[in-house]
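Single chain ahead, written as structure tokens, the form predicted on its own.
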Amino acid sequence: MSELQELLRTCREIASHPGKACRRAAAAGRKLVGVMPYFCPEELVYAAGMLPVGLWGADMQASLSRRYYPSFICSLLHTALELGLRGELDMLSAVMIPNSCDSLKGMAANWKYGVGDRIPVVSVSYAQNRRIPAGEEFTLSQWRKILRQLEELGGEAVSPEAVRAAVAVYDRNRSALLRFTELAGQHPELVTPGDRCAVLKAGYFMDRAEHSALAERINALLESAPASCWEGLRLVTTGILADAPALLDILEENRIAVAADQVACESVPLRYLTPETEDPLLGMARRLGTVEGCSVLYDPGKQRGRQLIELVRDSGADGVLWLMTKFCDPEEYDYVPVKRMLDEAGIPLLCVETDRQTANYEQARSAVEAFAEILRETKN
């Protein structure tokens, strides 16, 4: 097996069995803090000497969580809460829960009531109108409050230098992963849609410094690879979550590559580095103010549509695949204006529903196959 394939296999193993990676870190004596979507200040957890681990749900059927949420709440929250209620997250010392969408606003209370004190909650708030001075000041005040909670949890004070060092670790990781997404789009013959997702997902369960070294080695191997002779299709993906193994396999079977993405758990947070400021917490607050193109962040001009058009043109993609998280109101609200923008730009769009509790993607298979056939006929 080539070195590249071995590294991709390592990422697939971590992404497919995140519990193993988390238990190894816990066994080594490191405290773990679960981080739910979206845009939580993971750098502060890292600065406090603890390991942030992503909580983006799991592919499973939820049952216990239905006592707390109705069935029409998105499966990211259902399955994350289910894991907590089942005791499968008891290795965590705390969990960060933001209130960035209507469904998440009740998550902290449900968690406290159902899971209880064995995994305490660190509530995360930030300004929606985050660019104006008042919004920046509010977000900064929240980062300071969260840092105090993490200091109590970790048992020691966190210096500005430690925060600055953590920010540097995360910015290095963002740069490495953003470069990886570019190279993966250029070499679909080497990196399948599933491989691409695994490399990005693995970072949620590793020390980011270690993950950066892994991603940078993958990048070096891709940069030295011969030019691609890919004759399949290329799509830009967008949505909240692209971690749907069955759907990614369908793309691979139809010779469809992911040219680029505008996905909340993938490239959306990678494109923005932290500005240097005397107070690193202020830099973190300002970075959040620069993030664009996500349905859970205030976006009155729908920059997401503009960004998707640019991604399609810059990557040479044949169209856009919208991965619509089932029961996600912000995504559904975004879909109509963004589709209108793509239609006006002449960019084909396919919307496929994804759900953590869905085992059968045969309906999606039919839609993808039909979309691919239309795109191939248009190209020819």
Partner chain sequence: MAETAERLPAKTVLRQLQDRIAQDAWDAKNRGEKVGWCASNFPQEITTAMGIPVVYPENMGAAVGAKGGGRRMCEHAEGLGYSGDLCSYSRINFAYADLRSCPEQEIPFPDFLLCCNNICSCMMKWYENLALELDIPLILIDIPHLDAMECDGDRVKYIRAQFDDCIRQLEELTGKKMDYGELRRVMEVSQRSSRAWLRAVGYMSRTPSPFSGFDIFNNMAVACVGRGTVEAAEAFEALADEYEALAQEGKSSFKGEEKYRILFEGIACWANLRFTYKALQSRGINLTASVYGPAFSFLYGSLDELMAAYALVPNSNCFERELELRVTQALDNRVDGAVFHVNRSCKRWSSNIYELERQFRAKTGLPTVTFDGDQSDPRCFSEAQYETRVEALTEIMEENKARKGAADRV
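Positions refer to the first chain, counted from 1. Being a predicted model, the structure only gives us computed values, none of them experimental.
What comes next is about the form predicted in complex with its partner chain, which does not appear here.
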Residue-level contact is defined here as any heavy atom of the residue lying within 4.5 Å of its partner chain in the model of the complex; does Tyr298 satisfy this criterion? yes
Verify the contact flag for Ala27: yes if a non-hydrogen atom of it lies within 4.5 Å of a non-hydrogen atom of its partner chain in the model of the complex, no if not. no
Can Pro337 be called a contact residue for its partner chain in the model of the complex at 4.5 Å between heavy atoms? yes
Any non-hydrogen atom of Gly283 within 4.5 angstroms of its partner chain in the model of the complex: no
With a 4.5 Å heavy atom cut-off to its partner chain in the model of the complex, the contacting stretch among 207-215, 220-228, 253-261, 289-297 is 289-297
Which listed residue (Asp249, Asp90, Glu137, Glu151) meets the criterion of a heavy atom within 4.5 Å of its partner chain in the model of the complex? Glu137
Proximity to its partner chain in the model of the complex, single hit among Ser175, Asn110, Thr274, Thr192 (heavy atom within 4.5 Å): Asn110
Could you list which residues of 351-380 come within 4.5 Å of its partner chain in the model of the complex, counting heavy atoms only? none
